[in-house]
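What follows is one chain in structure tokens, specifically the form predicted alone.
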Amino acid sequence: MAQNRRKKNKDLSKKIAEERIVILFELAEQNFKTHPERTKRYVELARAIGMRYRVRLTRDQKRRICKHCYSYLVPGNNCRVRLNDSMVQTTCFECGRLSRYPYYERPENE
């Protein structure tokens, strides 16, 4: 009985953690223009919550964070996005580092 309750609490904790991470990313997006220093803190908190509750960030969330300095990336403002061959290159203006990830062309039937 205690095992079942523990599992329910764990599942509930993970669900709450995912919701908090989504909220933090929304706040980062809203406050980027007015308070850019806050966005880095929001990203730090989202990463800490994810690590604490072992919740993975989604692919879109990961690509909005610089993997080197953990700043919130907004294309055109603090990062540059380029398409080279089959790679997307994102250059962070805060630390100057380059992140690459692949992209695939969608089939025409979709």
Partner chain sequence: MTQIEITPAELPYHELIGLLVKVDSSCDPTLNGLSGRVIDETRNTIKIETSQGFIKIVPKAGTVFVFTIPERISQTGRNISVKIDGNITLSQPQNRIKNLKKSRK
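Numbering follows the first chain given and starts at 1. Here the structure is a predicted model, which means the values were calculated and not measured.
Keep in mind that the form predicted together with the partner chain is missing from the display, and what follows is about it.
J.: Taking the shortest heavy atom distance, is L27 within 4.5 Å of the partner chain in the predicted bound form?
T.: Result yes; L27 sits at the interface with the partner chain in the predicted bound form.
J.: How about V81 - does it come within 4.5 Å of the partner chain in the predicted bound form, if we only consider non-hydrogen atoms?
T.: No, V81 stays farther than 4.5 Å from the partner chain in the predicted bound form.
J.: At 4.5 Å between heavy atoms, is K15 in contact with the partner chain in the predicted bound form?
T.: Within the cut-off, so yes.
J.: Can you work out whether Y70 and the partner chain are in contact in the predicted bound form, taking contact to mean some heavy atom pair no more than 4.5 Å apart?
T.: Although the partner chain is absent here, Y70 would stay clear of it in the predicted bound form, with no heavy atoms inside 4.5 Å.
J.: So which of V22, L98, C95, M87 reaches within 4.5 angstroms of the partner chain in the predicted bound form, heavy atom to heavy atom?
T.: Exactly one listed residue reaches within 4.5 Å, namely V22.
J.: Taking the partner chain in the predicted bound form, which residues along 46-65 bring a heavy atom to within 4.5 Å of it?
T.: Those in contact are A48, I49, R52, Y53.
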